[in-house]
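In structure tokens, the next block holds one chain alone, the form predicted alone.
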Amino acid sequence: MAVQAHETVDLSGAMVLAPTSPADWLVIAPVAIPLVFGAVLLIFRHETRLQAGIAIAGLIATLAGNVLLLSHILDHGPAVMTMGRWLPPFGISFAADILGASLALVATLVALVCAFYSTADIGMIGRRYGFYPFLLLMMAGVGGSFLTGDIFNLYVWFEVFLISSFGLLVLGSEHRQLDGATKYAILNLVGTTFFLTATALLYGAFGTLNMADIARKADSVREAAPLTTLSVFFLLAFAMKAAAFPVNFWLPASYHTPRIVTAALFGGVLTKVGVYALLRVLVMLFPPERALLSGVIAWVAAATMIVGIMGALSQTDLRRVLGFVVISSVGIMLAGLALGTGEGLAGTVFYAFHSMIVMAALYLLAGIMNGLGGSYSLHTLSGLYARHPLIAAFALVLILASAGLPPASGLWPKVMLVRASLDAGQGWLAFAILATGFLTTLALGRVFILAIWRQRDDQALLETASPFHGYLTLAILTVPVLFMGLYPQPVIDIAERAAGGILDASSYIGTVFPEGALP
């Protein structure tokens, strides 16, 4: 019956009436802080000398917000904040659990180090054309993706960081950058189209896009709704975002073209957002459908690992080598998704932490090597060890980490994934992980031998000044790499709790819909 104009409607039952607690504001801090500082950067867009300082201050504040958020979640469980005071599923919720908060924290750490490196890499022209506002906007999109509790808003935050990353990619307006950016944009838009289509079908099936609401209703609509088809759409969309085989061809076509600090950000952070989305949707929302697709995901994971690292072996440009190593690392993370067990998923989460830091560090190392040797080509780059032995030391640690060898961070997540594969009777998947580690050692060992260890006849052409700025950024990233390798237990604990949180979503659902507040 329609409500007459003079009648008063009591909406209190659909509204959040309690005041928002300070702890709840932490949920949106990793998104709100970079947005605010990005707006400040636009206000001071003509003050190019202030841009880097404001951006670094913003990322330090964002990192502090992430640390407080993760600490709060570890102590008290998932946290939620609903926009507009409308109760979920009508109000849009930000819901943070250990998985989302920990990935947001590591991504912000990588972005902060890259911003510090950029003070020596991005000139006045790059600052004038908006490098730092794009960086802050991209991190807001990444944080929003990790922390949103709503599928449609996951799509929105994907678009936010896609648009800002496109801006970072074309900065400089060189022909090769425009070419790479065009491929990046078009192929990511194809993935976005699949994502939007799947989101529309999801809403048609559930009548809601709140993740907690979908997770608790999935069993009741499974017989009537095409959830397997929906899962395939999401798998295809997020696999393209994550650069999984065979929809990975956009990454090596574009990641070698931007400034090296931009490539470090992309290689370290962006593909992990796609992996996160796969974990969130397929494991937490549609576990039976994930189990049904596990065989396909396992073959995709193995193909991504092997094809990626074979591509790295075939390249002579250092940036292209690293682009294919990024693809290979995505395959290793997908192995845990295919297994779907607690240890397999924990291995994926741990490997995501490790890969974010190591891939960003390897790209920054490549930029420093180019600054010293004047080239990214393995044909001409050589002789760095003789004048810059510290570069050799950093390179050795990062190569060991990427290959999964002690004492660095890549060892333990690979051990977890190999053990989980063997426990699940997937020995061939364990073999693919181990073979990828061996081939990674060959691919990056070749870089070490040719670019660093090989003697150079014309040593005078090498830059002689030690890049203190570059050494400092590498040192900051190498510390957690060694920490995770030598003392992995705290990280394993966080990864296991993150995996447990998406395997058993009752705590997440209970936070979004506390007892007595179910619609």
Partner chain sequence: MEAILAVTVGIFFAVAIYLMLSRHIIRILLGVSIFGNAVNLTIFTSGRVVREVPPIIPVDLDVPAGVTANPLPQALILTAIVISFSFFAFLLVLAFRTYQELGTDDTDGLRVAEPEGEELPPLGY
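All values reported here derive from a predicted model rather than from experimental measurement. Numbering follows the first chain given and starts at 1.
Not on display, but discussed next: the form predicted together with the partner chain.
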Among the candidates 375, 193, 229, 119, the residue which, in the model of the complex, approaches the partner chain to within 4.5 Å (heavy atoms): 193
Note: exactly one of 72, 217, 290, 256 sits with a heavy atom within 4.5 Å of the partner chain in the model of the complex, namely 256
Since the partner isn't included here, can you check whether the partner chain sits close to all of 475, 478 and 483 in the model of the complex (heavy atom within 4.5 Å for each)? no
Stretch in contact, per heavy atom within 4.5 angstroms of the partner chain in the model of the complex, of 43-51, 57-65, 450-458, 487-495: 450-458
Heavy atoms within 4.5 Å of the partner chain in the model of the complex: does residue 76 have any? no
In the model of the complex, does residue 403 come within 4.5 Å of the partner chain, counting heavy atoms only? no
Partner contact for residue 176 in the model of the complex: the partner chain, 4.5 angstroms, heavy atom: yes
Answer for residue 180 alone: is it within 4.5 Å of the partner chain in the model of the complex, judged on heavy atom distances? yes
Across 306-320, which residues bring a heavy atom to within 4.5 Å of the partner chain in the model of the complex? 313, 314, 315, 316, 320
